[in-house]
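Next comes just one chain, in structure tokens: the form predicted alone.
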């Protein structure tokens, strides 16, 4: 929560100009002893002081929480989610979020509601990318005072996969050995039946006709057929350095998944058996990102 001890305030350039004008108006009012001039000067001064209060209240009490962040590949933008909650009876207007001195988000949060803000951050290298320090500010309502918060640190990170690049063709690791699956799976020649849908099942094997009839998600099972496997092995990459190997393996994982192939991943000390689907791809990419 943004409490009073975390907020600062200074007049803006417009506020400094206004203060000079008000001082000149006060001198003129005293010199000519004009009641209307005094009234107008004090009225504008009162408005300035009231705007100072509203500028402070516009940030005070705002609650910040870290939301989810989808994994990205190195070289892309990671979009961190920051959830802003306003529990007060007044809306929070024209809130600005700054990262490294640049304004990246501007939003409003109505009274008693929450608003999500997406903070784009370049992901230059693989691994865990922590959300950067952020500063919230506002010059609402008149723009003559500027209030800002201390640098805020949220407990959030984004998983960054290696950059999926490599010069070796995908066919370089295609292993044309076939195996027989003794159980059941979502590939093969013989249709065996239906089972409950599990996350990671290929969409083309979902029983869409059942979905159209209002039934639960079901997946078609097949068996009794061979399947080409792809062996993604660290040792196949020769004299490449570590990051180049990880990028090439990442490229192969993406290609194998797009081709709906069964593949395994072998890293020093890590062996992921043959599998396929979205879950298997995420598991492989996570291993590559954190290796």
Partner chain sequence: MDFGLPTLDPPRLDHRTRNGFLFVAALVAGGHSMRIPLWLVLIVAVLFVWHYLITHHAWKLPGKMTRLGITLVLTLVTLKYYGTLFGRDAGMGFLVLLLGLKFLEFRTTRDGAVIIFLCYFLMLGGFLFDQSLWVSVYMVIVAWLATTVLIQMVAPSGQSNRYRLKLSGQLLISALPLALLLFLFFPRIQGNLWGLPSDAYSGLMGLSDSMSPGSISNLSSSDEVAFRVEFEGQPPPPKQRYWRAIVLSKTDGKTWSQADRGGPVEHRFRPMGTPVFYTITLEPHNKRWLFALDLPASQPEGTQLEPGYVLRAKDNVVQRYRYSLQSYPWYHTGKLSRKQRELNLELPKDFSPRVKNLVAAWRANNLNDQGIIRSALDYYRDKGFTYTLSPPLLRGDPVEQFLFESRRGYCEHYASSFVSLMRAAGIPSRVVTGYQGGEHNDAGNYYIVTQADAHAWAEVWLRQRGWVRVDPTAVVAPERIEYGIDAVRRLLGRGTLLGQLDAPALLRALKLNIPAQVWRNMGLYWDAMNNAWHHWVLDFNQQRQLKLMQWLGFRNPTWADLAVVLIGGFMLFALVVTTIILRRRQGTDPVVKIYNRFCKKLVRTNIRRLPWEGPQDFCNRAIIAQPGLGKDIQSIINQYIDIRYRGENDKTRINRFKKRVYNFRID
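Residue numbers count along the first chain shown, from 1. Note that the structure is a prediction, hence the values are computed from the model and not measured.
The form predicted in complex with its partner chain is left out here; the points below concern that form.
Asks: Only one of 244 to 252, 262 to 270, 41 to 49, 229 to 237 gets a heavy atom within 4.5 Å of its partner chain in the predicted complex; which is it?
Replies: Going through the listed ranges, the match is 41 to 49.
Asks: So which of 206, 104, 154, 72 gets a non-hydrogen atom within 4.5 Å of its partner chain in the predicted complex?
Replies: Spelling it out, the residue with a heavy atom inside the cut-off is 104.
Asks: If you check in the predicted complex, is residue 163 within 4.5 Å of its partner chain, heavy atoms only?
Replies: Residue 163: no, not in contact with its partner chain in the predicted complex.
Asks: Could you tell me if residue 142 has a non-hydrogen atom within 4.5 Å of its partner chain in the predicted complex?
Replies: Judged by the heavy-atom cut-off of 4.5 Å, residue 142 is in contact with its partner chain in the predicted complex.
Asks: Against its partner chain in the predicted complex, would residue 18 count as a contact residue? Criterion: heavy atoms within 4.5 Å.
Replies: Close contact exists here: in the predicted complex, residue 18 approaches its partner chain to within 4.5 Å, heavy atoms only.
Asks: Wondering, does residue 168 line up within 4.5 Å of its partner chain in the predicted complex on heavy atoms?
Replies: Flag for residue 168 set to no.
Asks: Taking its partner chain in the predicted complex, which residues of 24 to 46 have any heavy atom within 4.5 Å of it?
Replies: In sequence order, 24, 25, 26, 27, 28, 29, 30, 31, 32, 33, 34, 35, 36, 37, 38, 39, 40, 41, 42, 43, 44, 46 come within 4.5 Å of the partner.
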